[in-house]
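As structure tokens, one chain now follows by itself in the form predicted alone.
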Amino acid sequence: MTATLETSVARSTVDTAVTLSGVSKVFGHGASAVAALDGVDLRVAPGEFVCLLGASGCGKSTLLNIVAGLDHATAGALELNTSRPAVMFQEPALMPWLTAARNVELALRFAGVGRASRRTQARELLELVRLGDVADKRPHELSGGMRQRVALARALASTLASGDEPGLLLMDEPFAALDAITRDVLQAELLRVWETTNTAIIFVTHDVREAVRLGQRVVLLSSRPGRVVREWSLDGTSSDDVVQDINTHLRKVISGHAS
């Protein structure tokens, strides 16, 4: 392991990476106002992998945007004890004129890392996501799965650049647009990278099996406005049993909203 990543995997001395207390979000005003979130309480420990699950429109992405600082809560409080959160979306959003390495370097440049150091770190992070041999290729020369791995390396560069502070990675359905085989491979790669870096992850998905495969904890949100209605700690219980239980509660949430 490189010196850069050894720093990032050091265990945090803080108990909580993210704490949301009574977080609510309302879009608009008056009669046209739409409540997206209502009184959400959520705690994520350093290095914990938490999956947010719920029906479309339940406020999962809104919650992620608030944690990322891309939006602000209407009410409630957010406490971060991490480095600057990094975000991954469905689209990798790479700069098409830059190589894979330069795309990763860009995040390090914004974080104030010097030229020589960011070149080294970018190469190390591409090696971490098993793309060291395509560092000099541009996005159009890479497959969809490879582009998402470059985006993952770039996100890690952003959140790990702060050194001793615990990292936080926010992922908004990053594998939803990929085919089933590629998605399966990248899920395994993400788990390996998470175990290597000890970065806290909040992963938004509407796929129950994906949530159970990846998360240490699955948090179910109600239909709009989103509230935490149930949590599951994945402690070795049969995954099929957990999937069935989550699906049962998810159907109740959806049917309750429809009625």
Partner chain sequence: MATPHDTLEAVGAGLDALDAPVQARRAPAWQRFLKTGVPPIVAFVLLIGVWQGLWASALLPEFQLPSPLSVWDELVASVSSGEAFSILWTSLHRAVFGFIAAVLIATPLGLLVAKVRVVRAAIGSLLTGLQSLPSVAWVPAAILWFGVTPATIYFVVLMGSVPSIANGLVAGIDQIPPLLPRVGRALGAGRLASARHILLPAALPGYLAGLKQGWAFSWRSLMAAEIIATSPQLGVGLGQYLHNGSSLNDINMVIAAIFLILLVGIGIELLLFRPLERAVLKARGLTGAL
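Residue numbers count along the first chain shown, from 1. Everything numeric in this text was worked out from a predicted model, so none of it was measured.
Form predicted in complex with the partner chain: not shown, discussed below.
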Please pick, from Leu126, Ala161, Met146, Leu168, the one residue with any non-hydrogen atom lying within 4.5 angstroms of the partner chain in the predicted complex.
-> Met146
Note: exactly one of Leu142, Leu80, Val113, Ala176 sits with a heavy atom within 4.5 Å of the partner chain in the predicted complex, namely Leu142
With the partner left out here, if you bring back the partner chain in the predicted complex, are Phe27, Glu210 and Arg227 all within 4.5 Å of it by some heavy atom?
-> no
Do Ile181 and the partner chain share at least one heavy atom pair within 4.5 Å in the predicted complex?
-> yes
Any of the heavy atoms of Arg130 lying within 4.5 Å of the partner chain in the predicted complex?
-> yes
Does the partner chain come within 4.5 Å of any heavy atom of Arg84 in the predicted complex?
-> yes
Classify Asn65 as contacting or not contacting the partner chain in the predicted complex by the rule of any non-hydrogen atom within 4.5 angstroms, answering yes or no.
-> yes
